[in-house]
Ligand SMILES: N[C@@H](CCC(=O)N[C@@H](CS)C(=O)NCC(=O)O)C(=O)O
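Only one chain is shown below, in structure tokens, and it's the form predicted alone.
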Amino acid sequence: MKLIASLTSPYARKVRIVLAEKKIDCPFEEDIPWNADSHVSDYNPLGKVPVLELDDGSPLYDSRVIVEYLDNSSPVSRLLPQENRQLIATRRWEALADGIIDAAVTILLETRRPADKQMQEIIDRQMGKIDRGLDVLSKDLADRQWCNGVGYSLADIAVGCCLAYLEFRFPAIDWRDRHPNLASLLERLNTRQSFIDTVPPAN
């Protein structure tokens, strides 16, 4: 088994944290899809990371598929609840967190275009998604310690990766003051070894 990913990808970080929490030893191969010499498309026709290559050579993608496979592959530290309602709630948290990241990545790519080709309406539309998504995350978390209200789970990992990515790529977004409960959640998560060991390199 081998994980193909970028060190700065928040989706890949989610998988790497799950691997650490599950205590699964998995070789890591860094591959940046934007590079001309990237081989990501050899594993994933969509050219996206992360990709988990299984022992038989078959690839798994995207991150949501990979983390479900990993959680079911070992009974250690189950991150997906077994009860259906809690499972769906956890998946909903993950979907919203990933959607916020999708919007952030779209903004990042748009701002990397030549200035005369950038479209402010695209940036504004995606920023609206981020703002609304954070509002819902904060409202749903309320005063609970963990996202699903029961215990640490994939929901917290997904939200933590989302919030950390916003800090990493968009430090000007003032989400901490607007949503102190989300800030407190990220502070708790940042003390876990799995989060400490997967902090992306500054670039």
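When you see a residue number, it is the position in the sequence shown, counting from 1. In this text the structure is predicted, and so the values were computed from the model without any measurement.
Only in words, not in the display: the form predicted in complex with this ligand, which the text now covers.
With this ligand left out of view, the stretch that reaches within 4.5 Å of it through heavy atoms in the model of the complex is, among 174 to 182, 151 to 159, 61 to 69, 130 to 138, 61 to 69. Not displayed here, this ligand is kept clear of residue 194 by more than 4.5 Å at the level of heavy atoms in the model of the complex.
This ligand is not drawn, but in the model of the complex it has a heavy atom within 4.5 Å of residue 49. Along 22 to 38, a non-hydrogen atom within 4.5 Å of this ligand in the model of the complex is carried by 33, 34, in order along the sequence.
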